[in-house]
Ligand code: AMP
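Next up: a single chain in structure tokens, the form predicted alone.
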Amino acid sequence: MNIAILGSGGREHALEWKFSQSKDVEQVFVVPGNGGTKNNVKIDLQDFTAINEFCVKENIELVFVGPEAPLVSGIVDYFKKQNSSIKVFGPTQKAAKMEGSKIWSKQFMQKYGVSTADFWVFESLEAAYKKIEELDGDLVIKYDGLAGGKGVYVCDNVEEALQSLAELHTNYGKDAEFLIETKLIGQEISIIGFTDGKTTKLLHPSQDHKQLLDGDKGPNTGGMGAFCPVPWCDAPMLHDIINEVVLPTMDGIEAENLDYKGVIYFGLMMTAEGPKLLEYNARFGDPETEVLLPSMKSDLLQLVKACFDGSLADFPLELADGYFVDVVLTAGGYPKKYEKGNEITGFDQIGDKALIFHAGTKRGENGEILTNGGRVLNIVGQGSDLKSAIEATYREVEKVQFEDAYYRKDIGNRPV
């Protein structure tokens, strides 16, 4: 089978690596790919016609969608309308609203009893101002649409909340829809799994580190590192997550007759009152993918096939023992202005047990690897316990060099 993966980040490189291990896979193409992926194809991810034409030409049978934008734009629906034999792994446009619209998804959670924070949607700014004052500005404001992780504003007081609301309208337009939520306190955790629309098989619990600086300080980023599994997420806690979040979600998907065959992501806050769902994603998280796929022993292609044919409940998902840690190397200045085109060295020094997943890279004229984005590389190590996995990862991180490289020094060391 020939496969096309859509996307250009570390997530997509990890998907290429995992699919390539399947004995039933002949070729893997990555659209558009990066400096670490093979068989790159430069096509705009929103040009569904060009993607379809390429897939027909190369006899591709499966398209795995990495990022959210093509799903929210309806790529699954497009291929279905072509009466195509090409299967696209991901939810339909309607089902992708679980990620594409914060308001729709919160109303879905409320309707089906998914544990989440209280929220309010407003038809006027005056009503929003009143709620901000009522909550003393201690709240969260969320832009309704896709924002690449930058449409969420966590506020501590009225002044911050009003500034955030002004920034939201500056960034997304004066008519931009938004909601206000009560602020939740606790540890965030990512629960990611595969679904055929009825059953969900979960991978290891994982945790992302969003802030740029050590100690979870500084601006939010696309993710500075991740690890799995999460030691404090024990069996009773996972039981609560499944019963209070996952199962009600699946009940809602069935009740709404949503066509959802793909990856489903539950972004959770573990509070003193139990798990509270912050958001759904309709695809793999990045950088969580870079630790979750190495920690999955099962064949990825067979797992995807089980989702398509509705036999996921009988699929024997196998997960590896031990811990996996991913440290993201970024370009200096990220997430603001940063340079591109700096040569990366040290790949030949990396140990056999470590994994490198490229993100913001490209190949130079002579085959050298150059920086080409804010998040440049993911370096993944493993160990029998979290401490040894962290140590193994950072030993490899120190070997890779490029001008103004930056990375957090505390991935996996967040206090509980």
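Nothing here was measured: the structure is a model prediction, and the numbers come from that model. From 1 onward, residues are counted along the sequence shown.
Missing here is the form predicted together with this ligand; even so, the following discussion is about that form.
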{"query": "Options 73 to 81, 304 to 312, 124 to 132, 180 to 188; stretch whose heavy atom lies within 4.5 Å of this ligand in the model of the complex", "finding": "180 to 188"}
{"query": "Partner contact for Val154 in the model of the complex: this ligand, 4.5 angstroms, heavy atom", "finding": "yes"}
{"query": "In the model of the complex, Glu279 touching this ligand (heavy atom, 4.5 Å)", "finding": "yes"}
{"query": "Lys261: touches this ligand in the model of the complex, heavy atom cutoff 4.5 angstroms", "finding": "no"}
{"query": "This ligand contact at Lys210 in the model of the complex, heavy atom, 4.5 Å", "finding": "yes"}
{"query": "Contact assignment for this ligand in the model of the complex, among Leu202, Met269, Leu238, Leu165, heavy atom within 4.5 Å", "finding": "Met269"}
{"query": "Heavy atom within 4.5 Å of this ligand in the model of the complex - the one residue of Met296, Ala117, Met250, Leu146 that qualifies", "finding": "Ala117"}
